[in-house]
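Structure 1 and structure 2 below are two forms of the same protein chain, each written out on its own as structure tokens.
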Structure 1
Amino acid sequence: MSTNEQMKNPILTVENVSKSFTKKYAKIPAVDGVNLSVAAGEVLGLVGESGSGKSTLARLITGMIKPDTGKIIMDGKNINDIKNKKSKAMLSNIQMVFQDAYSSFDGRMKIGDSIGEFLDNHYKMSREMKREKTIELLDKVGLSPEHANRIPGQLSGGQCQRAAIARAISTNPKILVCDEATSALDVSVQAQIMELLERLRQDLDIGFLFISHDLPLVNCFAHRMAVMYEGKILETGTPEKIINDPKFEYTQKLVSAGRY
């Protein structure tokens, strides 16, 4: 992907966000003073080793947990200051695609019912409208109407991740947070899912926070890259700049491990 596309005003801004967890009576910082932003149609790749705080940051941005300090601003409003129905509406603009698509679904429910239940949480729809919307969403991600009648265990890994993406875009989000969304897939299926995400980015003008340990993958997909270490953002820039001129020893090690 070209990194020369004009930068738009950010729709998601993370301002000095921190989060700690208590372990054996001690507070352990997981996210420490993080600042970042994502614009409409932009992909920000977030890289770092396991335990660096990437997934905690994803949970903070999607409202699954609240920060100890700092602000997460969507369209000019701090999502943690908005209550009740307005909060639900605001958070519908930020959706998550998880690494393990199978566990993100109820294994006993048909895919169509799971997507329909998700729609019920955000919209008032008749049964027929939900069915039509579900089929439309499945079509957008390359699945047929018959997939709506299958349970997750009857789908391949790639099909299940496509269904998870269909569910995520059902609320017309402005931001998709992808937390290692392709790492559980084999290389050929991974490429197909990346092509789907790029098409959705272009068609729907969705911004992405794309979390991955795979620097070559991020290099191909992201406009900008942020490197996270011990809860902090070490450096941010275009993938080309960070890969060719890493400023920190930690980043240099990541680049080396990425086989550049």
Structure 2
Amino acid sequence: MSTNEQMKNPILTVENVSKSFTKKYAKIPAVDGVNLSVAAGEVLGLVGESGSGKSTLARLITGMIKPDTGKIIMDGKNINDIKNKKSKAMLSNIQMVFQDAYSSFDGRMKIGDSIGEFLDNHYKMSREMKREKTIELLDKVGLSPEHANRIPGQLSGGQCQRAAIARAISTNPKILVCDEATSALDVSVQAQIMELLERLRQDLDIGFLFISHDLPLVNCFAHRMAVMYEGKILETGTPEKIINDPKFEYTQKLVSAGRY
């Protein structure tokens, strides 16, 4: 993917966002003064140490939790303003593939019904249309209609992750947050999913926040990347620049661990 595409105005902006958790005797600054932006059709890769706050940042961006300080602006609107919060359009514009695919589904509900319920929240559709759309989505991620009739526990790790991707792309979001979205896939299916995401990016101009610990993979897909460490963004730049000339010790370690 070329890195010198014309970058448009950011569609998502994270402004000086912090979030901490308190645990009895200690305060955990999970996200600490983070700034970043994603333009339409742009892929921002996010790598970083385990526990550095990537998933917390993802949950902040999708509005699941609120920042202590700072703003998250989507399409010019603060997502945590009451009047914007109620808007369905706002919600369907940011979608997420969760790190733990199994628990992002209702464990007692068939996959097809989960996706159907999701479609209900965003569109008016007849039962047949929903069924058709669900099967089409599953097919895109390499699953068969039969998988729609299973509960999450009856799918393999990678099949469940792909069902989560199918659900997230069902509303044609403007921003797709992928939190380790291909970590349970074999490399061949991973390549196929990456082809799908790249096609969606080109056709629909979706912007991605692509969280992954797989630096070589981020290098394939991202236009820019950010390195997170202990709640802060250490450095940002093109993957090429960061891989060839990492500025921080952590990034240097990460880059050399990714060589094989």
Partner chain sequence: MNPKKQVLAVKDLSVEYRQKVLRQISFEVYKGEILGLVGESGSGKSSLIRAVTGLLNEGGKVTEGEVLFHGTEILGLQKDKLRSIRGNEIATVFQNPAGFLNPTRKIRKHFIETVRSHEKTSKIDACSRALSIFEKLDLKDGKRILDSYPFELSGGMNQRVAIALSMVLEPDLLLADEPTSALDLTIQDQVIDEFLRLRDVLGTAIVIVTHNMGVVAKAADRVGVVYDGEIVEIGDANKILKDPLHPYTIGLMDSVPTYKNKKIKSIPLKNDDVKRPVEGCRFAPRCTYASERCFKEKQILRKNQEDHYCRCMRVEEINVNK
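Here, rigid core means the biggest group of C-alpha atoms that superpose within 1.5 Å across both forms. Keep in mind that what you see is a predicted model, and the values were worked out from it rather than measured. By convention here, residues take numbers in order along the sequence of structure 1, the first being 1.
Participant: Only one of the two shown forms is the form predicted alone, so please name it by number.
Facilitator: Of the two, structure 1 is the form predicted alone.
Participant: Per best superposition fit, same rigid part for G116 and I151 between the two structures?
Facilitator: Both residues go with the same rigid part.
Participant: Please report, in whole degrees, the rotation of the smaller rigid segment with respect to the larger one between the two structures.
Facilitator: Value: 16 degrees, smaller part relative to larger.
Participant: Can you give the CA shift of I111 between the two structures, in Å, with the two forms fit on their core?
Facilitator: Its C-alpha moves by 3.6 Å once the cores are overlaid.
Participant: Superpose on the rigid core and then read off how far the CA of C160 has moved between the two structures, in Å.
Facilitator: C160 is displaced by 4.3 Å at its C-alpha.
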